[in-house]
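Just the one chain here, laid out as structure tokens, in the form predicted alone.
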């Protein structure tokens, strides 16, 4: 690149950098500043409390319950999402007919608003006329209260797995599309089984795509809010709050306002730390040699 072109890079980058600083870095730093204060958001002055909000996190049982729910979605939900997504990928890479139609069907939940999905799943889980209990009654099993305080979080995780799997399966299938068919044909000629083709050919060649999909899942699972908030109804029970919900409720409340914006910002910063730990750990764990196609 000659010097004339290099001189043009900075003027072109300035508008994008300015927007990024104003609308992302600026609010993030302001949130960090708020987290060191006791502030409701409605007064001009904020009371500086130092690290008190962060220390309160360690003694807050509701925070740790929400953290446990966040990890449940992240880890247990993630295992099922990628198990099913890899299963789809394995089957689809074997030359399934009507591949495009199957892809459209598994991706379909992602074009529906999460709040609408939450309402539909709430209906399916209804104790009196819900779909699942109707099936249980037909086979002679007593109905289950899927949305009771003891079951609501696991019911929510099942719903999240259902609507998330298609998105990550499509990402993995995009990686499979890059692999020349000659690789699969050569493996079949050599007598490799479907399982062996997937583990020895498909998975190693889409490993970079798989690792990015896992990182993306982690970020989305940690900041998941809209579906879970709508799934809980007008007053979501505290036993189903994840950290993102708890952070929102601390700042803006449910029907009863709370307005602890300082503590809410500290909880939000804890989520950023979890995201950073997950991304850094994930990048190290999934770091492998990239195969050239």
Partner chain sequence: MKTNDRSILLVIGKALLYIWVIFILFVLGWIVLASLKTNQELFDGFWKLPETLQWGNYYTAWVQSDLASYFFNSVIVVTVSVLGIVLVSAPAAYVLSRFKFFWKEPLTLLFVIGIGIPYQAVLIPIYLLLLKTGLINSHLGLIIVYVALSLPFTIFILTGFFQTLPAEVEEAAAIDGATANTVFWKVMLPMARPGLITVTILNAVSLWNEFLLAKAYINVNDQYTLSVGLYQFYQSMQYNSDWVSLFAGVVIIIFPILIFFLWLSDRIIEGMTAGSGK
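What we label the rigid core is the largest C-alpha set whose atoms superpose within 1.5 Å from one form to the other. Numbering follows the first chain given and starts at 1. Remember, predicted model here, so these are calculated numbers, not experimental data.
Same protein, other form: the form predicted in complex with its partner chain, not shown, and the subject of what follows.
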(message) Quick check on this chain: which one of 157, 170, 203, 71 has a heavy atom within 4.5 Å of its partner chain in the predicted complex?
(response) 170
(message) So in the predicted complex, is its partner chain close enough to residue 102 to count as touching (4.5 Å, heavy atoms)?
(response) yes
(message) Is residue 64 part of the interface with its partner chain in the predicted complex - any heavy atom within 4.5 Å?
(response) no
(message) Taking any heavy atom pair closer than or equal to 4.5 Å as contact, tell me whether residue 132 reaches its partner chain in the predicted complex.
(response) yes
(message) Taking any heavy atom pair closer than or equal to 4.5 Å as contact, tell me whether residue 138 reaches its partner chain in the predicted complex.
(response) yes
(request) Choose one stretch from 149 to 157, 71 to 79, 180 to 188, 219 to 227: the one whose residues place a heavy atom within 4.5 angstroms of its partner chain in the predicted complex. (result) 219 to 227
(message) After core superposition, I'd like to know whether residue 10 moves between this form and the one not shown (criterion: C-alpha shift of 2 angstroms or more).
(response) yes
(message) Once you overlay the rigid core, does the Cα of residue 276 travel 2 Å or further between this form and the one not shown?
(response) no
(request) Establish whether a shift of 2 Å or more occurs at the C-alpha of residue 58 between this form and the one not shown, with the two forms superposed on the rigid core. (result) no
